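Structure 1 and structure 2, given next as structure tokens, are two forms of the same protein chain, each shown alone.
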Structure 1
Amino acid sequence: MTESPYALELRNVSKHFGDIVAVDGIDLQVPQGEFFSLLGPSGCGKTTTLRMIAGFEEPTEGTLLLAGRESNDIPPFRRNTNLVFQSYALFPHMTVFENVAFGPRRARISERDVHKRVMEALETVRMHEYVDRLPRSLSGGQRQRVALARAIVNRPAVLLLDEPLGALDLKLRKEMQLELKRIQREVGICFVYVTHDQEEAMTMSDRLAVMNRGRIEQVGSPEEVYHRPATRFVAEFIGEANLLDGTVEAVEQGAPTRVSVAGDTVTTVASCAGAPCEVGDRVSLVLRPEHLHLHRDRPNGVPAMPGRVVEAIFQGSLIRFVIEGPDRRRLSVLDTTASRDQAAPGDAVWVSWLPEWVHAVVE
């Protein structure tokens, strides 16, 4: 058996429950040591995918490889994967130590080694002072850490996390995001993290896959996925996006240079996702709010669109403007340079952008 560069590989994997297709032919390759996220709305098939990797569901079709080895038929207790459950699933009748020692003890190693490894894992998650406590007496964040220790102590090839921060409050969640990243770097295990929270996925992941209706819409680094969304769904799901629907009028090397949007012609030199664009294609232009600028008068030399300020919302470091363009289309603008005095609700303004920041998505 050859050493695989991938901790996890899915080849055309599907899962059907009766007539329902939960996962529809996905391909995925996750290298060793990567922090990888499966991101998508609820019902998109991400948890089912995770449960197939863990061995709790068997793929209806396709092949699942763990560290290069075909693993479709390997039961969960023989798999080199561990799962951190959303509910933590700590054993309520066992102390923190016994919980974490559960895995190592099943591996039939000496009790001294068990003790050593458990303490190591508990130190990694900074819970070594709570060894004799029962899960009931721990806070949510502490339980979370114990659940993590219970998984990493087994040194799995792939550590699976099913929305592990879902039950925590916002502040603790932010804290744990950084902690998880630190722990992952420290132990060097491949993490596969399931979440519906795009911000969480962006913060922690080396790469992420956006899933929708059982399919993978895009795989890439957080930057790629944010700046070059492959589909309209990805553009809308990741971050905030203004989407302008239009028709391609001119193309250069597969990227649209001019797009007509509701009668106006917009100049772009943007990238285009998916297949190369052709004249006449229906596309959506993705404009991130932070790439838009406000002007009192029509700016020269850049594409722009007239509009009227509907709202100006102070958000601390920046101001969010809601602009209503022609044909009542609304645009969200985050301008760090503009102030509220510059553009008050009711004012007529121009919205401009740099062509190179526009990204087109073929529908």
Structure 2
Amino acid sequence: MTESPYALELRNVSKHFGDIVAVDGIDLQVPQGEFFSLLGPSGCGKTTTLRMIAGFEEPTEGTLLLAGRESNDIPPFRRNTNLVFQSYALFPHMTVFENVAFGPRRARISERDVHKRVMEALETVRMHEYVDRLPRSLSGGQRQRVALARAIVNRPAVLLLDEPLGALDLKLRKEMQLELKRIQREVGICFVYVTHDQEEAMTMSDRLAVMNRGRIEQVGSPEEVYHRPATRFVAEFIGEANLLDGTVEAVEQGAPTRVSVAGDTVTTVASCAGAPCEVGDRVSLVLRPEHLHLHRDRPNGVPAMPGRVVEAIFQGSLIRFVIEGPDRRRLSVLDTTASRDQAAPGDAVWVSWLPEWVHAVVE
């Protein structure tokens, strides 16, 4: 039998809790060796999806495959997966070595192989010098590394991580994000990571799925999801976005789509989510704050909108301007500190953008 190129497949998988639909007919394919994240707000179905992959919940409908093998009826302890929790779940009375050795010893492999595997796993997470320590003597970040070592030592086909960095402080969390990605590359195991933190998912993932109300709204690389969101929800959830409502004015073959905004601003669209736009369609234009620029006078040759500076917030190398435009809509603009002398609260300004950075989402 040919080995499946996918570590994980979900085919029209749903999960109902009585009348509540937690997961609603999702399809997903995660290749071997990929760092894949399930991202979304609380209650979107991402943790329920992870629990179905682990075997702690049974799909109401659909098929789940691990490494090409249908796994709906395989109990959790027989699945080639491991789950890392936010709480670490280390045995407090066992040393670091004994915690990591617990799985291999239950698998009844030789003590020589147990020692070899454990030390390899601890070296991967850079905890090999702490073999004789008890968990209570370790920091939160060190306990998280031991939990990872215990998960990878059994060499699962899929490693499942349920918001494992949530208990760490911000600085350590950022450090561990990079460490997790390094570990994943070194061991070559497929990681499926659940988080509501978009920065975390964008930092680590090869690809990610954005979930909302039990459905997958978009699957793609961090760059694709950020620059070309498939829906208004994705545009608002990933990063920061200015959304300008407009109407498609012209669609010509070989020419950019033209959209009118606020009555007189006409801009062209670099990309459009889903089906091609048609004349008369109501669309939302997605403009990231870093792609907008401020001017005292109306600039020539680029789309621009008039406004008034509401706030100018110093953020180190950048200034965040809050601009109130037509119809009292507000835009967020990230510009260099040089712009601070050009615009202050109360000033009348123009906000411009380049058409190649404009993405349209059909409403």
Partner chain sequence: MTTGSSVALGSTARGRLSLAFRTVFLAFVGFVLFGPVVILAVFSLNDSIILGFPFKGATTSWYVQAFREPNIWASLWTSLKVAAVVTPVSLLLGLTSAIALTRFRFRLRGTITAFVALPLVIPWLVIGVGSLLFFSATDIPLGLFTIGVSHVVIAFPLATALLSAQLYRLEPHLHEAALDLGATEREALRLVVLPLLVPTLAASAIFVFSWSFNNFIVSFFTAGFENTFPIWVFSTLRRARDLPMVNAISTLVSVVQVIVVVGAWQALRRVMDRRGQDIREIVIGS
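When a residue number appears, read it as a position in the sequence of structure 1, where counting begins at 1. For clarity, a rigid core is taken as the largest C-alpha set superposing within 1.5 Å between two forms. For clarity, every value in this text was computed on a predicted model and none was experimentally measured.
S.K.: Name the structure that matches the description of the form predicted in complex with its partner chain.
M.R.: Only structure 1 matches the form predicted in complex with its partner chain.
S.K.: Taking the rigid core as reference, does residue 134 move its C-alpha 2 Å or further between the two structures?
M.R.: Passes the 2 Å threshold, so yes.
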